[in-house]
Structure formats: structure tokens, C-alpha cells
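Given as C-alpha cells, the chain that follows is alone and in the form predicted alone.
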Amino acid sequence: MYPTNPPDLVRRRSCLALAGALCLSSRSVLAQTRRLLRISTPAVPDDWHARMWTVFKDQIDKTLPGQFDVQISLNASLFKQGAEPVAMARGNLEMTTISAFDIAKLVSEFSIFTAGYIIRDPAHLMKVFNGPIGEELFKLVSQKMDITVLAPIYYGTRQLNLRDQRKVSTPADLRGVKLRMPGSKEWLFLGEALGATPTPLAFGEVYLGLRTGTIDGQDNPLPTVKSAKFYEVTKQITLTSHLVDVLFIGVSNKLWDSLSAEQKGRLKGAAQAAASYNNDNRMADETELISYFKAQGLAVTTPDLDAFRKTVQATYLQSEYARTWPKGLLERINATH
């Protein structure tokens, strides 16, 4: 009869136990070395600039395996729209998309990109921000906001979306229309320049506001109108094309400055891949959505764009905002081709 625990068996079990302990220890160390990378966006799940974050995460997991714990929060579930820069400064958030309007609160030079009819089209937008102008302005963002811009993304060309049908030819036709705008003074000024009565409202409250009549309309690119289902509670889209809108993928300097050169390169590459994914899909959508909204029963109209352009530009040039624009910047933007 053999002993219950022969020496060889005891040694084998001890080795297995030791191997298991080492494996658990390695996993624990790996978990501890993974950097938390929290991402907050107000985008709804079906929006391209929500989906692009999955592209970003996949790229990070592929190119920097095991180094980052990427956590994506949609629907402004982590931070309200506009609150992200403060959260990043406090160390409560690592990445987000920031609008020119949010940047302009702290970097006055950016207010030129909150004005209507400055950028001509998506191609012009990318040339401006991926060239010397963008490089100069992004340095100011880093200095004044402690945020490093990794890539510009095309948010879309903003159009008016109205709860009820009405004739809109010139800005005067929008008099009295309660037009939803985000709550910053730059957004509200744009609403005024368009001839409407700007009404601040968080993005997540827009659908209900349109349905109940708290607001008469909202402005967003057409893909957002679809993804947020605003077409269900509106009857008209007016193609003012008043703002070729941009967002910026930004990372907190607190995280950025702690990374190695390789990690920075991979992070920037992932952001650019996400931006390209967003841009390609949004531009494709915009060419198809007019027919879609007509099929949903919405009236799609085009106003007198020259009248809108002249009125809006004149309003801005006479305002305090134009005085903050760096000398010669408008001319440099216009000369970018």
C-alpha cells in the first residue's frame, strides 16, 4: 500500500500551487500597471463620433496591449456636455472631444471658429487644423487648458431643424424662434446672429424639449438629427449650412506628460484612426440623409444663403468676438486651400 501523500506527489502539488500563485501575482501586477483611460462624450450610441471611440479603443488594445484600461462613457453619463475640460483639469477624466466653443471659453483666439460662415467645407476644415494654423492654436490649448489635442474631427455641417413648418428665407424669418443652443455665450451669440432667440439646453434634454414645445428648434449636423432621432419630433429642416463644425480629440496633459514617446505616438495614431473613421462615415451620411428625412415626412428647404452669410458675418465683425481674433488669422484661413 502506497502512502497517502508520496514525496513526489507532494512536490508536484507544491510546484503547481507555486505556479498558480505566481500566475495570480503576475495578473495582479499587470492589472496594477494598466493606466486608466476614461473617455466621456455626450454622443448617443448610434452617432459616428460615439462609434469612433470603439475604433480608438481597438487600436490602443492592439498597439499597446495590456497598457491601458479604456473606459468609454456615452450619453453624457459621466460628465455633462461642456463639463469635461474641468474634469480633466481635476484629474477625473483623461480624454474627451472638445468643441471650438468650449475651447473659446479659455482660449479667446478660438472664437473665430465659433463664428458662422468662416470654414467653407470639410476639406477646408482639415487643411486648416492639420496645418500651421492648427499647430499654433493647439499650443495655446495646451498652455491654457492643460489639454493636448490629438486630432480634429469633422462634426458635420450644422443645419436648422424646426418643430413646426415655417417659411425661412432670411434671418428675419427666425425672429421669435426659440432655438436650442448649448449654454455658452459663444453658442448663444451664434443663435442671435442667425436671427433666432437662443435658448440654452443640454443635449440630452433636446428631444423632450422639442416634443413638449419648450424649444421651437435646434441646430445640428444631419447625422446627429438622425442618430438622436430629432426627426421624430420635428417637421422641417432648413439647410442654412451656417457652421462647418469641428470637434477635437483631447487628452489631459496630466496623462500625456506621463507617457513615453512610443505611447504618445500610439495614442495619437489611434486618435487619428478614429477621426478618419468618423469623418468618412459622417460625410457619406450627409449626402444621403436629405432623401431619408423627406421619406420621414419632413420638409427640407434651402433659404437665401447670401442673405444669411452677409447678416451673420456682419454681426460677428461688429462684435467683441472679432476683436479677439489674432491679426491676420481670418485672412490666413481664407487663403488656406
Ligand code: KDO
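From 1 onward, residues are counted along the sequence shown. None of these values were measured; they are calculated from a predicted model.
Just so it is clear, the following notes concern the form predicted together with the ligand, a form of the same protein that is not shown.
Listed stretches are 218-226, 192-200, 262-270, 143-151; the contact stretch with the ligand in the predicted complex is 218-226, by a heavy atom cutoff of 4.5 Å. Proximity of Thr41, Asp47 and Gln81 to the ligand in the predicted complex is complete: all three residues have a non-hydrogen atom within 4.5 angstroms. A heavy atom within 4.5 Å of the ligand in the predicted complex is found for one listed residue only; from Arg158, Lys178, Lys185, Arg120, this is Arg158. Taking Val251, Ile237, Leu137, Leu247 one by one, only a single residue has any non-hydrogen atom within 4.5 Å of the ligand in the predicted complex, and it is Leu247. In the predicted complex, at least one heavy atom of Ser99 sits within 4.5 Å of a heavy atom of the ligand.
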